[in-house]
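Heads up, the chain below is alone and in the form predicted alone; it's given as structure tokens.
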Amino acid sequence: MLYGYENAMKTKPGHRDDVAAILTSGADGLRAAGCRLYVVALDTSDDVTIRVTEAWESKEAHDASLRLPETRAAVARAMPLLTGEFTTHETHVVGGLGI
């Protein structure tokens, strides 16, 4: 069973595309870290919300990915552009298309 996350974050006005670009810039390296699915989506209900859906081989693989230098650098670049409004839901992925 895969370990998953459903995240939503709010950006400061005018910075949603910048944050989306930061989040997608390191996606290639996630596969080697154990990521099976990583989707960055712009919410259609407003112009400041980004949603990220992830599926990982394990919780440990996800936790280890947060310690990678490239992940830490991306987080450092994105943080000043975010409002701090962030929600996360942990999930156990049972299947689906693209997994």
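From 1 onward, residues are counted along the sequence shown. These figures come from a predicted structure and were not determined experimentally.
Although it is not shown, the form predicted in complex with a further copy of the same chain is what the next lines describe.
- Using a 4.5 angstroms limit between non-hydrogen atoms, K12 is distant from a further copy of the same chain in the model of the complex.
- a further copy of the same chain in the model of the complex comes within 4.5 Å of no heavy atom belonging to T83.
- Under a 4.5 angstroms non-hydrogen atom cutoff, a further copy of the same chain in the model of the complex lacks D47 among its neighbouring residues.
- The closest heavy atom approach of E60 to a further copy of the same chain in the model of the complex falls outside 4.5 Å.
- Contacts between stretch 69-99 and a further copy of the same chain, counted in the model of the complex as any heavy atom lying within 4.5 Å, involve H89, E90, T91, H92, V93, V94, G95, G96, L97, G98, I99, listed in sequence order.
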